[in-house]
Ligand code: BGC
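Here you get one chain, nothing else, as structure tokens; it is the form predicted on its own.
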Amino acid sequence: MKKVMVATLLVALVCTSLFAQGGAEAAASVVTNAQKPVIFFNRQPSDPVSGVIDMEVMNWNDKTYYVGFDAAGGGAVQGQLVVDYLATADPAVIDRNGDGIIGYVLCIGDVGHNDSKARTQGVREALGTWTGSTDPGVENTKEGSAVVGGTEMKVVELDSRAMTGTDGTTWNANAATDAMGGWATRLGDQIDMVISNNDGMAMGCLQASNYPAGVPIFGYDANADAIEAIGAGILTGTVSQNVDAQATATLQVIRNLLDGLTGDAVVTAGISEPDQYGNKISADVEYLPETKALLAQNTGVNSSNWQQYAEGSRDQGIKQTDAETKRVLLTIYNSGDNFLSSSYIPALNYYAPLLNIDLTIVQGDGQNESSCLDRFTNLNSFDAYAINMVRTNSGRDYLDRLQY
């Protein structure tokens, strides 16, 4: 009887030990939300005044990255696009009132956005009106110069404005329409050129009933309607930030992290080098380790090359994978943002199925952070998160949600 009891006790102890060991291993294998991949995109976590990157947010965990484009380089590309246009222009035609001055107005998207700052700086530097400030207002510029059709001419920024809508949204096309109408009435034929920090505002300017016919206008983003407008001779030029490369890189980094890749492979596999499925982004994408940022490069678009950027030209380097399907929650700061709604989201929806990513997209109102945060829920149901904030200094608000 004692032998039976001892044997039973030993079996019970062994089973208890094995159960405890299995439970510990199971507990160790559980991935908390705080350990999952977090990709910020399009709006880089940063101080809205100084533009300094928020590295506390970027170092949230070893699976936190930013995907965007080379903002400073893009500003320079836009500035050069304008300068190149002026170099071949006829001074007698572009100088509408013949005063020997090229006057331009500037649509500033969001004074607290790094990308907007870079574009404003790029344009002002190229035209010689740069004073070290990206703020709106002629008090923040100086008289510049540019070569116009072989003749050096004075350049003056007649006015600039941050295009904020009545609802508080930035990069607002309707605000640009109103501003352009006011500029055309007040400044008349002093306006020789219109420059905008994005295509949405540029197209908004063109909607002004008194937009001066024939005045060249430049945008930024290479949205589908802007490309069509260039082809029709309505828009003069824009800058492509390679939205397909950005959208794919956002998803590819997530795919790499969920597939267990580490180190350099996270930011090179499927991006600058073929991944295990044979995918590789065609456009140039650069990784900056100091800010954990993957940045697509920019190209100027005008009447000579607009057809290369026509709608429907997707990256043939990305093909269907056989990876395990993973769920990703992605936020868009503003459902009304022209670039995100007409270019970025369609690209995401094209590439996500190819990478076997089940994408859930929630969109805010572009004004209140809560419009996105209130939809940043049911977090346990997702394998990774892609975040596009309303305010660039709101990254911590999202990360706090992942602690629980």
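Each residue number is its position in the shown sequence, starting from 1. The shown structure was predicted, so the numbers you read here are calculated from the model rather than taken from an experiment.
Not on display, but discussed next: the form predicted together with the ligand.
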The ligand contact at Tyr65 in the model of the complex, heavy atom, 4.5 Å: no
Classify Arg124 as contacting or not contacting the ligand in the model of the complex by the rule of any non-hydrogen atom within 4.5 angstroms, answering yes or no. no
Might Val57 be said to contact the ligand in the model of the complex, defining contact as any heavy atom within 4.5 Å? no
Even though the ligand is not shown here, does Tyr104 get within 4.5 Å of it in the model of the complex, heavy atoms only? no
Interface segment, criterion being heavy atoms within 4.5 Å of the ligand in the model of the complex, picked from 57-65, 366-374, 37-45, 352-360: 37-45
Full three-residue contact with the ligand in the model of the complex, heavy atom 4.5 Å, for Trp171, Asn198 and Gln241: yes
Considering only 317-337, what residues come within 4.5 Å of the ligand in the model of the complex, judged by heavy atoms? Tyr333, Asp337
